[in-house]
Structures are given as C-alpha cells and as structure tokens.
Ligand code: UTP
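Form predicted alone, single chain, as structure tokens, below.
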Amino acid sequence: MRELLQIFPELRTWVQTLDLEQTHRLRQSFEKIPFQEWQALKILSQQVFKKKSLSAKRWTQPPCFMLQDRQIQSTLWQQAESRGMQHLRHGKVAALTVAGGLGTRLSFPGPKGLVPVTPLKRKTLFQVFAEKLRAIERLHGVRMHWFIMTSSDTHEATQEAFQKNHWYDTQYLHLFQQGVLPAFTMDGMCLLTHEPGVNYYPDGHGGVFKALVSTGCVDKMSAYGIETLSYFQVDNPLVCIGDCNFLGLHLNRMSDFSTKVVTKTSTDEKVGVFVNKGDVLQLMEYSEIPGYLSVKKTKDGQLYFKLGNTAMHLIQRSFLEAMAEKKLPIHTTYKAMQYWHPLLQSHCSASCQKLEYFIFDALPFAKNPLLLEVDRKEEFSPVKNGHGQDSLDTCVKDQINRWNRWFANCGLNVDLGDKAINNAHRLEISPLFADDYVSFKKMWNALVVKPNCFENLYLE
C-alpha cells in the first residue's frame, strides 16, 4: 500500500482500518495501472483549473474533398470506386465499431447498441449494422469480419444479445474490451468503490489502438489479410460501411487515417471540427474549442471552421499497430458521478473528472490524412440524446425522410415523414433491400409486383 499512500496520503488513516482481505483487494485494484501512470494522472487531475487558453494563430480550414468535387472530378471518383471495390472484394476490409457506452441518456437500461432505432420493426443499432454487413456480402460476394469494442459495462450484455438473436455469423464477429482509467474528484482524489477498490471507467474511443493489440485482434486481422478498417461509432444507423468511393480515395491517397465530414449546421452543434494547425491536421472536440473560434465566420457569413466530425473513418491496420505504441493525450470531461467517500464512510454524488483518450488524437501521426464531405441527410443522424437535437426522435425522422427521398427520386410521392413522428404512419427499408439510393432504384425497378400502399410498408 506504500505506493498508493504516496500518491494519496490523505487515505492513510482510512487504510489503517482495513483488514487483510480488504487491503489485498484495494492493492490489486490499484495495481491495474502502473505506478508511474498513477503519478501522471494525479498531476493531470490537479491541473483542472489551469487550462490554457487556445490561440487560433496559424489555424486554417483544411483541404477537403467536397460534395461538388464529385461532379468536377468525375473520372477521379470513378477510378476511386473501382479501386475501393476491388479492395473490398478481396477481403481486405473489416468493420470496426466502438460500442462501450450505455444508453443512459436515452433512458435505456443497457448498451447503446441494443437501443431500438428503426421506425417500424424497432431493430436495434447492432441489428441494423449487421444487416448492412450482410447486404455487402450479397452485393460484393465477400463476408466482412466485424470487430466490436465493448467495455466492462457493455461486454456481457452485447455478447448475450448476439448469441440470442444470431444477427451475424459468430465466425466473423470479434468482441473485445477496451481499457480503463480512473476518475477523480475536483480536488484530485481518485474515485473509490465500497469493496474497497478504485472506481474505473472506460478509457474512451482512443483506447481502441491499445485494446486491439492487447486482445490479439490485430493479429487476427493480419492472419485474415485485413488491411483497412471501416471505423464507426455505435450511435449512427445511417453509416455507409462499404463505401467503395471513400475507400478508393483513401487508398489512392495512401492515407493512414481518413474521415467523412459534414458541414456544421450551427455554431452550437455538438460535433468536433477539423483544423489545420500549421501543416498538421487536427480535430478540436466541441467541448474543448474556445467559443470565439466556434463562431468565427468567413467574409460571406459562413462558419470558418465548418467541417464537422462524423466519427466515420478508414484506418490502415499498420497504423493501428503503430499507434498502440504511442502515448495519446488524456482529455478531461466533467460529469456527475457516484462514488464511495472513505473518510465520510458514505456514498457521494458530485461533479467529477472523467478521463478519456480520443481516437482523433492519432491524426498528427497519420500519413496523408484525407477528409471527404458527405451528405448529412444520407449518412449522418447520430442518437446521442433523449430529446431534441441528435435524439432518437430526430433519427427516426431522418431515416423516414431518407426513404421518402428515394421514392420521390423514383417518381413516387410518399411523404410520411411528419406523420411518422406522431406514430400515425411508418415505413421501413431494410439494408438487405437497399442501403443507398442507387441500390434502392435497382431493387425497386426489379419488383414485379409493387406495393400500392406505403403506410407501414416494410421492404427487405
């Protein structure tokens, strides 16, 4: 216990009251993290009120392959699609989902990946992604491996759900757990449990690099011949996993790390934005970018830093391996947390410091990073909040409006979007039928007998 008390001397009196078994449990819990790391984390927790103000000097809008470029550079776009399709069909691409979060903000008692998200069949996010991957198999004749990063909070329930529902072939499904970090009170005390032990929390999506290596998943990828990972977070059912255009651009650029972006809708939209600091591409998280930078405008009144992060990336396996050896910065967020106070001998709830790694901190190490703008209405509608912006309600509406547009582009006026929000009328198109307009048009035109009623219509 000497090292623990060296870092937290205020616990000395309390530790002396523990019996041998309690002391052993506390020591084991503390030793999950090396002593040197504890020292650094303690120092970090004490700097909470010493945040440096950021300067925008030499910050510029980074280059990005914009939507309008697809028409201007149509040959480049076609070549990219061909290259990406070949890469995909040779089994060199796998899906990588980070799914360590709970559905707490959605009032859902379980992993966020198990939240019912589709308007008619109430499919979970995991089921939607599984159907997207099965659709890729039908279209390209290749079954993709799917790696899902869980946490101690979500692993068991996620595993049980896949075993029970058979959403995806278990031979191609790989669940692995992310690492943990302690949390701290605002005055620098680590949060404890009553057992006693350290109260650890998932270490953020940036923990994916070390977790893939430590769990042997990178070795599996190498054995399977996987070179590129299609990364996405668990909250966006509109994600396009097998985007051959994006994949081809990424490969042609010889990029380590590429990202899809959307133009921010407003200054207060809670997405990180990409910036060039000098010649280095970086992402500023919305919770960390200074207010004066988030509202900065161009001469024509547009947001200057407008390229919002969608958390949809393409990452080379070799880069994942290399980043596992790097030490990423730790970010601090603040949230109300419950913990056992050893001195008061009671449970407390207070605003505390939660520590996390962010995946985009790998960008400065990446060779030839690429940004590609996509249509938000087609590919980005995350489920983050219980109500309001980026909520389950807005996601359901966005899904239905997306399918309405597909029908409209085929000359059919469905327009159930507003009605569907009130649960009066719904429709749903499974990714197994189509997951983009091009596929939908082909499948719809091939139907010999077409439905004449669109209320509660389900296509698969």
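Numbering starts at 1 and follows the sequence shown. What you see is a predicted model, and the numbers here were worked out from it, not measured in a lab.
The same protein has a further form, the form predicted together with this ligand, not shown here; the description that follows concerns it.
> Tell me which stretch of 274 to 282, 293 to 301, 198 to 206, 68 to 76 has a heavy atom within 4.5 angstroms of this ligand in the predicted bound form.
Looking at the partner contacts, the answer comes out as 198 to 206.
> For this ligand, considered in the predicted bound form: do all three of 89, 93 and 314 come within 4.5 Å of it, counting heavy atoms only?
None of them does, since no heavy atom lies within 4.5 Å of the partner.
> Of the residues 243, 356, 390, 256, which one places a heavy atom within 4.5 Å of this ligand in the predicted bound form?
Contact with this ligand in the predicted bound form is made by 356 alone.
> Note which of 323, 133, 370, 149 lies within 4.5 Å of this ligand in the predicted bound form, where distance is taken over heavy atoms; exactly one does.
Flagged contact: 149.
> With the partner left out of view, is residue 335 within 4.5 angstroms of this ligand in the predicted bound form by any non-hydrogen atom?
Because a heavy atom of residue 335 falls inside 4.5 Å of this ligand in the predicted bound form, the answer is yes.
> Taking heavy atoms and a 4.5 Å cut-off, does residue 233 contact this ligand in the predicted bound form?
Residue 233: contacts this ligand in the predicted bound form.
> Is residue 174 near this ligand? Define near as a heavy atom within 4.5 Å, in the predicted bound form.
Output for residue 174 is no: heavy atoms all beyond 4.5 Å of this ligand.
> Would you classify residue 159 as touching this ligand in the predicted bound form, given a 4.5 Å non-hydrogen atom cut-off?
Outside the cut-off, so no.
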